[in-house]
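For reference, the chain that follows is the form predicted alone, supplied as structure tokens.
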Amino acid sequence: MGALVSAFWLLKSEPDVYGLDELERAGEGVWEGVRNYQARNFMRAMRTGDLFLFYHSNAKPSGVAGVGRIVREAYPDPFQFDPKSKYYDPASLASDPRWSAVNVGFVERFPRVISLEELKAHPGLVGMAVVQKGTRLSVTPVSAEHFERVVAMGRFGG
């Protein structure tokens, strides 16, 4: 199965920007463009083999579509140095990069998206960052218990 899992995460992306379909087709991809310091710090804490819930935001419905794995730990996001990129940051220096990216791999697609409403309604997911009012971070840690519950909901409906 590969590297040992040291932590679990939830990564959000709009499916028309980067979705589970694209990751599944490619098998592996780059998770770049994160421009929030707290989310960036979470990415820097990721280790090869960690698993994450792939969350489709601004979708119908928004929710968890499947599971991925971290396949390369944090490195400088190359788009921060590219003036043609929407992720360009002229204040970020090559000698002291401000932003990071990780590489992700496809693990599993759920038969259906587990909607945010379902996540919020599940009593076993109280305290999970994504169900908290006002939580908008695109990268958040997830407890092993919450991760297992969401995966069970995705695979078996409960």
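Residue indices: 1-based, along the sequence shown. Since this is a predicted model, take the numbers as computed values, not measurements.
This next part talks about the form predicted together with the DNA, which is not shown.
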Exercise. Assess the spot marked by Ser6, Leu53 and Arg69: is the DNA within 4.5 Å of a heavy atom from every one of these residues in the predicted complex?
Key: no
Quiz item: Among 42-50, 121-129, 101-109, 57-65, which stretch has residues whose heavy atoms lie within 4.5 Å of the DNA in the predicted complex?
Solution: 57-65
Self-check item: is_contact(Val113, the DNA) in the predicted complex, heavy atom dist at most 4.5 Å
Solution: no
Quiz item: Is Asn36 close enough to the DNA in the predicted complex to count, meaning some heavy atom within 4.5 Å?
Solution: yes
Self-check item: Residue contact check: Lys12 to the DNA in the predicted complex, 4.5 Å heavy atom
Solution: yes
